[in-house]
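A single chain, nothing else alongside it, follows as structure tokens in the form predicted alone.
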């Protein structure tokens, strides 16, 4: 990425922004002309709600309320332009309390010279999780497992609606980092390891949150996270260094962001780590040359938590915070999530007054921020009279349940252990995942880490409660067995399990994200493994239900169990969805959006290189996951036949139709994800063994068959070459659906 001269760039970008802003609101340029240096610096600052609330930042008075003196300091003295709610003292707030908070903030802005509105942002990661009673959806990795973008879009529409119902116009979501490092603590926040699947889900998320990109009281600004490459730390630990070539970055980690920008994503949050030794928050080549100049992003670039300060104390590329502020702003940052003090604002003012940061550079960022506020209707406070009767409604809960039902992935089912016969069989339930809503939801649930039980949504069923509701409490025995990592009462489990027809063991992982979620290995905690081993000695059918943040290694217990239901983090309706699958009320249709590793250090992906097939015995079984990407079983049987390719040669500006007949040969209605893959047989860059080309999720009645057709274009077979260009090279390609393969030639 070639650097261009700062002065030329700032002149050009401000010119472009002025034109863009004038199309939206011709007064924005004039408004900027009226603003003081202090007001501009305040617009570029985002503080946590805790800094203006009663109590200490990490020990707020509950329920949260605004401290008028603190608010006055923030708004009237420092001209702060944005707030968020996520800090150590923040938590879930009622809609009524949100309204009081925003009314107080709005009232204070009326006392300022220019009366510029505040923009409030929130991490509504799987639903509007910081408002009491909001609808919580499955986490992103579970959404991807549905392979149903239309269903996922509906979920984001609900999240946007319920955020706006709380007065919040800006959502720090979706995460567009690929999940290719399962050790990473935020793996569950991704759409999985595959570029194409993640791209489809990206379109669903952005369009669901933002609608048609026109003002709507039912939509919010999306924030694509975290630009760029954040999800692939070499160590697997959050916020640790990333080492990636630019070609690999563009092949795997850039496409989702490029797609989001094409969809009109309004904001972006920046990668907290460094790439190849340069922190992204200080990387002009990524934040300006790539993001602005090449990709054409016109929206607001926001830091993550304290990440400008971390250029000093974590990355050690700046000697002082003042130098860190200079580096980040000149690299391309628009707004600093400061978030618990005013140092950034003070230092930015100093740098502007000293002339080190040109006013044209500041005006570029302020123009983007004010444009965002205008597009969201904040200057006119348009949505204050809008009613939101569906907030937390049964209708919204049904949409969450639909996503949970379709995400659950059946990984093993020996001798048709599932579904259970609810009127005949008694079951014994145990394990830490059985009794907890927190373990169904994961982090970003009412609080940052999602472990506080006092905020749990009322009247939602745990897995145990949902099983009891279907089967009848008299036919369901229960004992805990273990916590996440400690044996509690395995002997009690053995005694109760002896009288049951089948055993359900609910394995789980403690909710966690970011640095608190860092772990040293992927192995299942020994206590939970010991529970499975002990119960397996009873020689009764065992069903595992897994609710994990990331794939935990099941190698030692897979042979001991008869069925595995992988539920990811299915949200508030997850207990109901799990029980529905167990008892056959729902036919499972989820497919893995990642390759499930068999061993902790065997982390190959399905789209591996041919050299990665080589095993220690020189066989081609080097890629041997516990379960393959795209795998997932059903209670129905689907037969594939008659794969047809419309022609054998693919030319420029042309397409090929590929069709296959899929038949449900069982007596149960079911949904199937039809997946087509391709292999580039020879290329100038070592090609993958196979890559996902397209997919469709279909619904087939018992005995029904459909002919599914995919239209393939030349660009669908492209890759990033040595010159960092996306190309499709001439040559032979194999197209694969299930066990059928057709070869084509590309000119």
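Residue numbers count along the first chain shown, from 1. Since we're looking at a predicted model, the values are computed, not measured.
Although not depicted, the form predicted in complex with beta-D-glucopyranose is the subject of the following passage.
Stretch-level contact analysis of 224 to 232, 327 to 335, 451 to 459, 408 to 416 against beta-D-glucopyranose in the predicted bound form, using heavy atoms and a 4.5 Å limit, identifies 224 to 232. Of the listed positions (172, 344, 439, 428), a single one reaches within 4.5 angstroms of beta-D-glucopyranose by any non-hydrogen atom in the predicted bound form, namely 172. Of the listed positions (607, 123, 562, 363), a single one reaches within 4.5 angstroms of beta-D-glucopyranose by any non-hydrogen atom in the predicted bound form, namely 123. Within 4.5 Å of some heavy atom of beta-D-glucopyranose in the predicted bound form lies at least one heavy atom of residue 186. Residue 147 falls outside the set of residues with a heavy atom inside 4.5 Å of beta-D-glucopyranose in the predicted bound form. For the chain shown alone, residue 269 is a contact residue for beta-D-glucopyranose in the predicted bound form, at least one non-hydrogen atom being within 4.5 angstroms. The closest non-hydrogen atom of residue 444 lies within 4.5 Å of beta-D-glucopyranose in the predicted bound form. Of the residues in 291 to 325, those that come within 4.5 Å of beta-D-glucopyranose in the predicted bound form through at least one heavy atom are, in sequence order, 304, 305.
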